[in-house]
Structure formats: C-alpha cells, structure tokens
Ligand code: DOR
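A lone chain, given as structure tokens: the form predicted alone.
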Amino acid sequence: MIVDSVLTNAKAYLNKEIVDCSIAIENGKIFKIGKETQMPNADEKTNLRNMLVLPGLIDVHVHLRDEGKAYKEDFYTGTAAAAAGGITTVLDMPNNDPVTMSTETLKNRMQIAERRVLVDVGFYSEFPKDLGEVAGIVAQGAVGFKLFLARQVGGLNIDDDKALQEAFTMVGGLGVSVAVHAEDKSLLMANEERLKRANRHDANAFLKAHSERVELKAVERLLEVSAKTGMRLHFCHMTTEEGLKAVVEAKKSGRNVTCEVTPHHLLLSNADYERSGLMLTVMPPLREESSIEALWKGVADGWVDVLGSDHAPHALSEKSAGSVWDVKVGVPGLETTLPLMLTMVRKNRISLGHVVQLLSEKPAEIFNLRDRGGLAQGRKADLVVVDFNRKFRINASKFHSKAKYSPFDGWEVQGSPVKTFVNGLLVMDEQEIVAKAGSGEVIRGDRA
C-alpha cells in the first residue's frame, strides 16, 4: 500500500508522553504511528528533524468577523492566522453583521466560509427570538449557542430568567453547550452611567465599570437559572477568583459546567495599561495580580478546562479612541497563544501535557468535536510541528491577521509552530501559508 504521506523523525506527544516515531497519513487521517521501519510507502515523505509534534490545537473562542465586519478580519485572514499559530480548528462567535442567530444566517455564513477557510471552522449561534428555531439551528450544524449577558446581542431577552431557563432546557435536550460571557448587564450599565456622569473616560473607569462583582453576579445567576435544565454550561474567559470559586463549587456538586481562561488574562494585569494604553481594553478587563494568581491556581488544580484566545480583531483606528468608552474591546490572539504557552512551559509555569489538555483534548471533548484533540490511529491528521528551541520576538506587523497589533508585541518567546497540517494537508510551513483558500472544512452536523 502507498499512503499519502509519512512524517519521519518526529517526537510526538502520545498518551501523555513524548515518543520518537513516524506518522503515516492517508485520506486526511492518521493511518499509523510507529517506527520508521514499520511505515508504508508514501507519495511524500517529510523529515521532521526530531521536532515536537502536538495534536492540532482547537480554539473554542474566536471572532472571525467577515460579512459586514470583513474590514476587521475575514475567513481567509483569520484562518491563516490560526494556521500560523498551530491551530487547526476554531469555533467562531456569532456577534457578527448580521448576527448569527437563525438557520438562514448560519447557513449563509457557512456557505461563505467554505470557500475561504484554511482550517476547520465550527460556528456558534446566538439564541433566536423564536426558540422554535433552536432545533433547526442545531440541525444546520451549530456547535453550540453563545449567550452574551453584558449587552443584548441575540434574540433571547437576557433580562428574563424564565426565558433563559426555557432556552437552556431546550438546548439541554439537544446535547449542545451554551458558552456564556458572564457580566451582569444591569450592574455594568449602572456603573458605566455613574462614571460617565463623573466625566471619567480613562482605563481605570473601565475597570471600575467592569468590576469583579459584575462577573460574579452573572456567574451566580447563570448557575441558578441553569440548575434544573440538564444543559452544558461553558463559562468563557473567567477573570476573577470569586467567579472561578463559584464555578468550582458547581463542578464539585456534579454540575455539567466547564470554564475557560485566556492567555491575556493569565499573562497581563491592569498595571499594563500604563505601558500599552487603551489598546489593552478587553471584556472582561485585565485584573489585579491576585486574580491572575487565582486563575493560574485554577489551571494547576485542573478546575480550568480550556484555554481560548478570544481572538477579537479590530481596525487599529478602533483601538485608539480618546475615551475608553469609544474603544472597541478585544485583541488578536490566534498567532500568539501557542508561543506564549510554550514559553510558560519553559518557565515551569505549566506542563506541556497540560497545554495539550487545555488546547486540544478538553475542547474536543466539551464541544463534541469527533476525531480531534489527540494523535491516534484513525483520528483526523490535524497536527502542529513545533520547534521547541526556537526563540523569537513577537512581531505583530507580520501577523497574518488583519489586526496587526498585540499586547505581546516585542515579547521574547521560545517555541514556534513551524508546520501545521489540517486533515493531513500541509497548510502552514515556516509561517508561510501553502494551501489554497477553502482547503479547510466547515464543521456540520455530527461534528465530523
């Protein structure tokens, strides 16, 4: 038999250890892992020169924009950024233009994406106004629903607990997760109005508006509303010790609850505003060092399930307004997540196995992404080849993303993704995109 390709001289992360091996790939899947002498003949053979091979990363929190927001990012540039960062599957958030919140808007978005994407992409939907559409949205292929509690985005009235409970019960029966942005709208709005009346437009005003209490109040409300619904609740970008404690207590009581943190909330604090200014404005905001340590402890103790970039690209002009209230929130993260986390491995802040768990294994498990999240025979040949010894400085001007800025610009990191394979196809080689637009797949239906 002749397979499509064989990767030789690899050091692959297999079954929680690094193993010297070769990997045979056929029809987009891993055909065999073993010694080079055990490999079948191949149309193409690549010597990986003892570099590290990890399962392709899965980023469950990405804003690919496109459609009415294509000036910020589009499906090609966003997935090019993912491939450059060693990420082979991304889940796209629904706060688009138009908002993804119906079978029609989801179908249209999928059709546009399938011609342009370079990695595999799954799509969240916001809840529709008519909950009768929920089953159809899931049937169309939504990987989950997003609930944004800080502002009204989708069709579901976020101020109505009964409506939330009805939606949660419905989704629980369909077996998909609800990812939530947990900030309490009423408290946040009251804080904002008070600070604006006081003519406060600085970064500290934003921090006060988005207080730790704003997060905790939303977390507690969601845990209460969802208690009897049987649904899977996923908390996005946790930032506070008390919020995380509430989630941990829910987990200990057997609730089907998971949570995520971002690299910027782990590695930056509110003190960094003095260095980088309003460009650092994100929601939820950067916190104090004590909160950061609480997040790291949550990671170390296994209570944090997922690391998501919350890649949120904007035009640079949108990040440089004079008032913090006019600054678009969010930073790009697809191209920096893996180098930053590999650097933390080097600094003994986290183990390599834990990075794989947070960025591959658990995301696949939580969002039912079949045949992803690990290297094994029969699974999708999604993998990233890493030069663990390569040191470089992050240079945002060279990003594949349209958002050519970063709070990590200029940081020295160690560990670089050098090749990214998606469904067995080499998509990125030494930071150059070598595949054609549309070579990635849109995830539908059974999450194949």
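Don't overthink the numbering: it's just position in the shown sequence, from 1. None of these values were measured; they are calculated from a predicted model.
Here the subject shifts to the form predicted in complex with the named molecule, a form of this protein not shown in this document.
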Requested in this report: Could you tell me if all three of His63, Asn95 and Val282 have a heavy atom no more than 4.5 Å from the named molecule in the predicted bound form?
Outcome: yes
Query raised in the report: Which pick from Met231, Val304, Ala312, Val143 sits with a heavy atom within 4.5 Å of the named molecule in the predicted bound form?
Result: Ala312
Requested in this report: Tell me, out of Val329, Met189, Ala135, Ala163, which residue has a non-hydrogen atom within 4.5 angstroms of the named molecule in the predicted bound form.
Outcome: Val329
Query raised in the report: Is there any non-hydrogen atom of Tyr273 lying within 4.5 Å of the named molecule in the predicted bound form?
Result: no
Query raised in the report: With the cut-off set at 4.5 Å between non-hydrogen atoms, does Phe148 touch the named molecule in the predicted bound form?
Result: yes
**Report entry** Partner contact for His181 in the predicted bound form: the named molecule, 4.5 angstroms, heavy atom
**Finding:** yes
Query raised in the report: the named molecule isn't shown here, but in the predicted bound form, which of 63-71, 35-43, 414-422, 22-30 has heavy atoms within 4.5 Å of it?
Result: 63-71
Report task. Go through 332-358 residue by residue and record those having a heavy atom within 4.5 Å of the named molecule in the predicted bound form; state none if no residue qualifies. Result -> none
